[in-house]
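Shown below, as structure tokens, is a lone chain in the form predicted alone; questions about how it binds or moves come after it.
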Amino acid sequence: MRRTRWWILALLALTLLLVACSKTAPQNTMNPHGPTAQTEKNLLVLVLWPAAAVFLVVEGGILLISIRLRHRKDRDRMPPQIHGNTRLEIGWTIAPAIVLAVIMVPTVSTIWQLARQPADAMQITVEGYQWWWGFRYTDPDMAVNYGDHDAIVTADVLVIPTGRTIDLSLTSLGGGAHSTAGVPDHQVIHSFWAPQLFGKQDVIPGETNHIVFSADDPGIYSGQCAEFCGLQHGKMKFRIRALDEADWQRWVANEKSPSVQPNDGLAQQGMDLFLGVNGVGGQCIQCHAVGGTDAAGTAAPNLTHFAAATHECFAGCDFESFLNGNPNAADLKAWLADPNAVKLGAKMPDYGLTEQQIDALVAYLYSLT
């Protein structure tokens, strides 16, 4: 029975090891796609070798001593003691100090290197909510072409140009709602992490931390909150979509434009319900914004271009916006019908929408390209 237990434990350990070695994992620190991630990987590898050597010497020594000096039936006396061996004690004090000193120099150098904020970097504010991420493009040339000329704002998917340095300002804004004094509710610590582009950085209420990075190649890079922040911490994910210059310019032009006006009856009904036309509905605009309309809420994701091709997921990236190129209407309907049923603890309440109302809202949201 004991031998079987050891075999099971060994198989579990081997399984974990094999999973950790996957080269296709979407969140793989050892597969960097940008200079920041590459610098962090280089430091990790540099520290790993001395750590491995120390591990082998220490654990090997323990194993050797345990075997050679183990108790035997025919041995009654204690093995020779080395207490008071000055040379040995000085040696095992100096050796770790030298190892730590060697590791410290590149570590501190890397910390200072990654902390630099280039003056010409693109400025984007990352807003951590419970439980989703918002992104605000604050450079003057990223202002929208409608309303009061606010910044481009997206949720769940951070879109960036490849090869350009990005300076992220990280802030925690709680659950999205505010007190009458303007203080955000449920402010907690998050951690912003996309390992193929950069390491973890805490997102702390009342403080602003920074991440400076860039992406070498177009593609999609997965990330998540890496600090326990409440009930749905495990479902607070995001994606970074890096575009080449041509696609980036098209994306910016589209994001600067107001929302698309519906061109079919069902979507128009959904828009009227969303905005509360004729006194029906209107709860959506209390929290959400849709550029070019009266909806200007800031407590929940901006929906101006909800159905844009780059907005690949919603509700903390728990759900895909599209499946095989088609709108994922089933999951969006489930979310609108009862958010807490599909994401327990979600701040969005159940408004008791009818099936017809949900169909109309889905049609309207998927018209917002």
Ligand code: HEC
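Quantities reported herein were computed from a predicted structural model and do not represent experimental measurements. Residue numbers run from 1 along the displayed sequence.
Same protein, other form: the form predicted in complex with the named molecule, not shown, and the subject of what follows.
Peer 1: Identify, from the list V188, A299, L266, A143, the residue with a heavy atom within 4.5 Å of the named molecule in the predicted complex.
Peer 2: Selected option: A299.
Peer 1: Just to confirm, with a 4.5 Å cut-off on non-hydrogen atoms, which of V126, I166, L197, C284 contacts the named molecule in the predicted complex?
Peer 2: None of the other options qualify; the answer is C284.
Peer 1: From the candidate stretches 27 to 35, 336 to 344, 66 to 74, 50 to 58, select the single one in contact with the named molecule in the predicted complex, where contact means a heavy atom within 4.5 Å.
Peer 2: One stretch meets the cut-off, namely 336 to 344.
Peer 1: Thinking of D156, A315 and M348 as one candidate spot, does the named molecule come within 4.5 Å of a heavy atom in every one of them in the predicted complex?
Peer 2: Heavy-atom distance to the named molecule in the predicted complex: all three under 4.5 Å.
Peer 1: Is there a heavy atom of L332 no more than 4.5 Å from a heavy atom of the named molecule in the predicted complex?
Peer 2: Yes, L332 lies within 4.5 Å of the named molecule in the predicted complex.
Peer 1: I'd like to check something about W132: if you look in the predicted complex, is any of its heavy atoms closer than or equal to 4.5 Å to a heavy atom of the named molecule?
Peer 2: Flag for W132 set to yes.
Peer 1: Determine whether any heavy atom of F274 comes within 4.5 Å of a heavy atom of the named molecule in the predicted complex, and answer yes or no.
Peer 2: Judged by the heavy-atom cut-off of 4.5 Å, F274 is in contact with the named molecule in the predicted complex.
Peer 1: If you look in the predicted complex, which residues in 198 to 213 sit within 4.5 Å of the named molecule (heavy atoms)?
Peer 2: Sequence-ordered list is empty.
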